[in-house]
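Form predicted alone, single chain, as structure tokens, below.
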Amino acid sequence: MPGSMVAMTQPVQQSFNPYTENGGTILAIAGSDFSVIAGDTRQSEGYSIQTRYAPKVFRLTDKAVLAVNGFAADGNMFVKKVKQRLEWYRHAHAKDMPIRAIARLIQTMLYARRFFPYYVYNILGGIEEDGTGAVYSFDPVGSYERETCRAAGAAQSLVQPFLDNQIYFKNQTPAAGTQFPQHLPLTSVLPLVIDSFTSATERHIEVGDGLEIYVVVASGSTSLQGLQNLRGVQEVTGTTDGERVFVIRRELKKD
């Protein structure tokens, strides 16, 4: 009895954590005149799979695609707010916001919530105004940079070293009298993306079920030829001229 009374009088710390980690992985790769943005579709919490189809990649405009990963509720709300801001811009200026401006918009939206942040890691991919591919990666409070490739999410530690080796050619030495290309063609990038998620699914329980790959291609690009012989390619372009957006879906392991 005395022991229980002592236990009842001890201070008890109460805590509330509004965030959770919902798994999944996203990545993006920029080419000379295209960008590839991909994410798996599994949403989980711990050892429980909440759904096998929770998209993590979203088309914003015909020039920009956003991938979000982390806390699924924050991610869905953030994408909704970004789309709303882009719609306001479209009504005010009668054109889509360029991807460089979208990157700064996302930065200011994240930084404005820095004291109670959106618990999401964002990767923005698309086509710049000069027709080159671009990838911007963000942390949850708005710090961002333009890169050639970036992975985020549960399997980032597995995928990013693979991309560093295959895209940046880290720890590789070119053959005598040759040099590595600055950008890989789309026909080489797509198999790398699929292999990245296939291998991550084998080694990480929070990655799997399905894969969605968005490809943004500049106007007049020759990279379109790399999509002609692929199965399951669907065009989701909003306009008839300018850049074109395609989505490729693949199955991943479901165990």
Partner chain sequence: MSIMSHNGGSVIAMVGKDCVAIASDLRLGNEAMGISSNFQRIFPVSDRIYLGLPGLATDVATLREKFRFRVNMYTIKEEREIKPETFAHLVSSTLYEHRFGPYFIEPVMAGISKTPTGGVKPFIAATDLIGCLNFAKDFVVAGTASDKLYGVAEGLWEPDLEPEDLFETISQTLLNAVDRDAFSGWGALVHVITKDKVITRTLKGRMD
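Everything numeric in this text was worked out from a predicted model, so none of it was measured. Residue numbers count along the first chain shown, from 1.
A second form of this protein, the form predicted together with its partner chain, is not displayed here; the remarks below concern that form.
Among Gln172, Gln182, Gln84, Thr108, the residue placing a heavy atom within 4.5 Å of its partner chain in the model of the complex is Gln172. A heavy atom within 4.5 Å of its partner chain in the model of the complex is found for one listed residue only; from Pro161, Pro98, Pro117, Gly131, this is Pro161. Taking the partner from elsewhere, Gln166 is found to have a heavy atom lying within 4.5 Å of its partner chain in the model of the complex. Mapping the unseen interface onto this chain, Ser32 falls outside it, with no heavy atom inside 4.5 Å of its partner chain in the model of the complex. Taking non-hydrogen atoms only, Ser157 approaches its partner chain to within 4.5 angstroms in the model of the complex. Its partner chain in the model of the complex comes within 4.5 Å of a heavy atom belonging to Ser199. Contact with its partner chain in the model of the complex, defined as any heavy atom within 4.5 Å, is confined among 222 to 230, 200 to 208, 41 to 49, 22 to 30 to 200 to 208. Taking a 4.5 Å heavy atom cutoff to its partner chain in the model of the complex, none of the residues in 219 to 245 make contact.
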